[in-house]
Structure formats: C-alpha cells, structure tokens
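First, one chain by itself in structure tokens, the form predicted alone.
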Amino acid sequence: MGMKPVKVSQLNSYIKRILQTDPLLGNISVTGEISNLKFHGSGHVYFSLKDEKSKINCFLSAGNLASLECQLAEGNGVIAEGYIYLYERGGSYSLNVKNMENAGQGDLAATFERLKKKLESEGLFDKSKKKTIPVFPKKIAVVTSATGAAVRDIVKIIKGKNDCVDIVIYPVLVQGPAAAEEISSAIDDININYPDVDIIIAGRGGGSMEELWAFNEEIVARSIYASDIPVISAVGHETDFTIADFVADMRAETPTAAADKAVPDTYALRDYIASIGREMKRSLKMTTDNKSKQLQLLNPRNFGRDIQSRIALEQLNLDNIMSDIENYTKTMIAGLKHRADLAKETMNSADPKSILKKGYSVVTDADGNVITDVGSLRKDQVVNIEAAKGKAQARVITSQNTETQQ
C-alpha cells in the first residue's frame, strides 16, 4: 500500500474541499429536464435534472424558491444556476440551485403533448363514446402491480364497502420499458377471457413523470379505448394526469378513489332498505287499521247502533229546540200580558166613569153638551146630571159664574 488508509469521513471532507474550491463547480449552470419533483413541508424543494444519459440531484431552498420566476413542473426543461455541494454524512453530492429559468419543455412533456393532440384528434377522448360505469358490479379486475401499495388500498376499500363483488387481481409491471405492453395486454386479455368482469381498474401509486410514463404510452391508450368493459384509470395522485386518464371511461384521482367510485356501499344500502321496509310496514299497518275501522262501520250491528245513536242525538237536539221555543213563547206571552196590564191601567185611569166613582158627576144640557161654565145656564133650564150610579134631571134655580163674581 502506497499511502496510509483514511477514514470515510476524512475522504468525504477532502472531496468536499476540492469541490468547493473548484471555480467551475462553485458557479455552474446546468440544463436538463425536471424529474422527481418534491415540495417539502419546510418549503424546500428536491428534484432531479436529467438528460437522455444521466441525472443529478438538486436542492432549492425555500428562500430561493420565493424569488424564482421559473415555473417548477415535471418534465419542464430548465437552466439551473448554482454550485456543487457534498453532503459529507451521506457521501452524496447535489446541485444547490440559486436561480433557474425555463429552457422550453422537456422531451417527455413534449412527447406527452404530441400524443395527447393526436389521440384527441382521433376522438379517443370523446365523452359521448365513454361507457357507463355499472352501479352494481359483480366482478372487478384490477390491473396493477401485485406488490405495490395501490393494490392493497384498492382491495381494502372495496371489501370495506361491498361484500358482494368479486375482485380479480391481474398483476403487471407499472413502470419500466416493458410496463406499457403488459398493461395493454392485460386489458385485452380480460376482455377476451374474462367477459363476466364488469369494471377494469388500471393504475398505480404516485411517482415521477418517468415512473408513471407507461400510462402515457399509445398502446395502453388504444387498449383502454377498445375495451368493451368500462375502464377506470387510477394513476398517481390528484395532480397527476396521464393519457390513460383522458381515454378511460372514468378518471379517479388516486387508486383509493377508484375503489371508492367503483362499488356502492352494500352495508349502507342494507340499512337503507331495512329503513324502507320498516316504513312500509308502518304505512301498511296504518292502512289496514283504517280499512278495518271502515269495515266495522259497515257491519249491520254497528251500523244500527250508529243510526240509533244518531237518532238519539237528533231527538236530544229536537227536545232542546222545543224547550227553547216553549221558554221563548212563555217569555213573549208574559211580556205581552205585562204590556196589556199597563195599557188597561192607563185606560182605566182615563175613563170618565172611573172619575164619577170618586163622587164626581157630569152635567149636560138637553143636547148632551157638558156644562163647564155655570154662567151659561139660564133660570129654569133643565139639565141632565149623570153620577156613577144613575142619571137625574134638574131645573136651574139660579146660576152664577164664580170667575165673574170674583
């Protein structure tokens, strides 16, 4: 051995000093395509820059991100300016980005847009041609990796909501050069050999644009479009869009969302059906009770009792009316009698004969005229005198008017 062995930390420290003192690596601009873009909760951004042969890890601090004018997106081609930094503990180096500008879309993004326009012009995205997802599927085929988290989430959600549906797992590669052909062949094979399948869920969990690229291949898009069985795409996260999403009969934001949309909740349906059954029983009991009461009213005995009750009630009402009439008549007669008595008393008090009974008498001349003025009498004139009892004639001996005398 030519030189004394050094520790790993010593080697990394030496390499770091070399990198930091190199004038080229201290301020370098790198062009490439953004990949594996991740926004950390701290505000920092981690991603890779890649070309057709290689890639480099990159770090963008939250402070530099705030002043960045370039848009960060998977597949975007950019020019990143920064310096090479070595992380001693991990022994890995990265490009610490200070500034960045757009360099046009990357190769993958451009390929994506070209294929999207081509298939759209051919009508593969036409909404009128999309098949309806069955409401109550009996069998669902899941085209995804047999070992990924997506298949576990899909099975868990479906079984947690529905105990009537069968699940067929059709394992395929979901990334890499052979993935697109396997996914396409799986969809074709299910249509041929599993005609009892009601829904196909095709997808995988999240990842970079390269990792999801199998679902952007034309062969997969055409198999989805040609499928007689409705297809639900379930690729990546909510912000991820693939060509498969546009062609599929339904797009789900995630594999979990696809499982949730694919099946109804049979447990909730049973509870709902049970509540409807209870309501129907209650309504039926109310109807039968009402009809039973109506039948009881139509029973001759009940009908006779009802008639008798009505007759008795009407008789009571009639008796009350007659009693009211009788009382009214008595009151009216009593009032009339009282008024007649008053009138009789008034008449009696005004009757001359009543006055005569008090000792008074009426004197009239031969013609029956009442003598009110003694001065009008002549000597020897015959006058008639009428008392309370009987009449008499008298001759005037003398007459003198008291008023004249005074």
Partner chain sequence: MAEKKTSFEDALRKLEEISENLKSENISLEEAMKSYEEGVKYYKECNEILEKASQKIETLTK
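Numbering follows the first chain given and starts at 1. Computed from a predicted model, the values in this text were never measured in an experiment.
The form predicted in complex with its partner chain is left out here; the points below concern that form.
Chemist: Does its partner chain come within 4.5 Å of a heavy atom in each of L60, G63 and K98 in the model of the complex?
Modeler: Spot residues vs its partner chain: no contact at all.
Chemist: At 4.5 Å between heavy atoms, only one of the stretches 241 to 249, 315 to 323, 216 to 224, 135 to 143 reaches its partner chain in the model of the complex; which one is it?
Modeler: Heavy atoms within 4.5 Å of its partner chain in the model of the complex occur in 135 to 143.
Chemist: Can you check whether R152 is within 4.5 Å of its partner chain in the model of the complex, heavy atom basis?
Modeler: No.
Chemist: Although its partner chain is absent from this view, report whether M332 comes within 4.5 Å of it in the model of the complex, heavy atoms only.
Modeler: So M332 does not count as contacting its partner chain.
Chemist: Indicate whether I158 is a 4.5 Å heavy atom neighbour of its partner chain in the model of the complex.
Modeler: Yes, I158 lies within 4.5 Å of its partner chain in the model of the complex.
Chemist: Would S309 show up as a contact with its partner chain in the model of the complex if we use heavy atoms at 4.5 Å?
Modeler: No, S309 is distant from the partner.
Chemist: Only one of D198, E211, E253, E74 comes within 4.5 Å of its partner chain in the model of the complex by heavy atoms, so just point that one out.
Modeler: Contact check passes for D198.
Chemist: To verify the annotation, which of these, R89, R305, R270, K117, has a non-hydrogen atom within 4.5 Å of its partner chain in the model of the complex?
Modeler: After the contact test, the surviving option is R270.
Chemist: Select from 280 to 294 the residues with a non-hydrogen atom within 4.5 Å of its partner chain in the model of the complex and write them out in sequence order.
Modeler: If the 4.5 Å heavy-atom criterion is applied to its partner chain in the model of the complex, 280 to 294 yields M280, K281, S283, L284, T287, T288, K291.
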